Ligand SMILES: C[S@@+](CC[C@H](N)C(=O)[O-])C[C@H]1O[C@@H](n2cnc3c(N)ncnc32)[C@H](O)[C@@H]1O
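Only one chain comes next, encoded as structure tokens, the form predicted alone.
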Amino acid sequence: MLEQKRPAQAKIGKLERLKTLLARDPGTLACPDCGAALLLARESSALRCARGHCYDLARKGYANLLGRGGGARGVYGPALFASRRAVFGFGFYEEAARRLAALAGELLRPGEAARRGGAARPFRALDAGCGEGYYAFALSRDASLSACRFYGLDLSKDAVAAAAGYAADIAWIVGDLARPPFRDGAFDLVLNVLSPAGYAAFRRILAPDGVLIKVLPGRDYLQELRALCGYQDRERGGGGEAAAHCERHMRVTERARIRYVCAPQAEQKKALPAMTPLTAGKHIDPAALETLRRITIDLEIIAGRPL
């Protein structure tokens, strides 16, 4: 599994790792209060801007730029992210992660070639709506993206706290996706997987030659689980409407579909219902869940530039 690679990184303290990542990349974060550069204060575990706004870094290895009262809850609580972490650990989404990493590497390659011979700077990649961090972590492990500096952003403090559990060089941030706390043009790649998209905000934080990869649920996504919840065919995921909305806000350059089937084992079936908001408020008969023989992963990928 992905989490079992590079165990030596786990020896680095989470807070110290975060401080190192932020110190090497000054000026990337922007104060959510005033927009000024948010920098790591010397000899402290806090971020400060020139106007005096201050945000402490959490000992668990993330920065909360929403303040003490910030963060989403509702169905997106610790139980959902713990179940999602378990499902990702089963390997159901590894093929999707490999395909996304390959596409990201291909899209960044022209920019990498253009920088040769000039003043090279590292690529920066943001997983916007990172949840518990699986895709940012998976992409950060891919050799084709070794030149990237990774950030993960989510509105949920519970999600980002879970993401900080990955032993990886990723700066995890709790923040508003509609007003991402980053300077203009900070990123070469923004990844947005099964999460609300703020296209105007993505356009602002992307470099002029940067790229957005948007991932939508395909029509058959988790169709077996949907059936157990009583969803009808007209309520199935994805479809042309979601893609059409995306295309109205993007100049599309690449499209792809990832569809495959996994066979969940008995212990894995128990984690599946709790890992998605699709099941919120729905009753699933345990006996019916035991009959589940397959689960479909169906994702539509649309890449390009926000309009």
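Position 1 is the first residue in the sequence shown; the rest follow in order. In this text, all values refer to a predicted model and were calculated from it rather than measured experimentally.
Unshown form predicted in complex with the ligand; subsequent notes refer to it.
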| property | result |
| --- | --- |
| Heavy atom contact within 4.5 Å of the ligand in the predicted bound form, the stretch among 223 to 231, 138 to 146, 206 to 214, 83 to 91 | 83 to 91 |
| Among the candidates C130, A171, L189, A162, the residue which, in the predicted bound form, approaches the ligand to within 4.5 Å (heavy atoms) | C130 |
| The single option of L155, A96, L103, A201 touching the ligand in the predicted bound form, heavy atom within 4.5 Å | L155 |
| Residue contact check: F123 to the ligand in the predicted bound form, 4.5 Å heavy atom | no |
| L177 within 4.5 Å of the ligand in the predicted bound form, heavy atoms | yes |
| Close approach of A79 to the ligand in the predicted bound form, 4.5 Å, heavy atom | no |
| is_contact(V193, the ligand) in the predicted bound form, heavy atom dist at most 4.5 Å | yes |
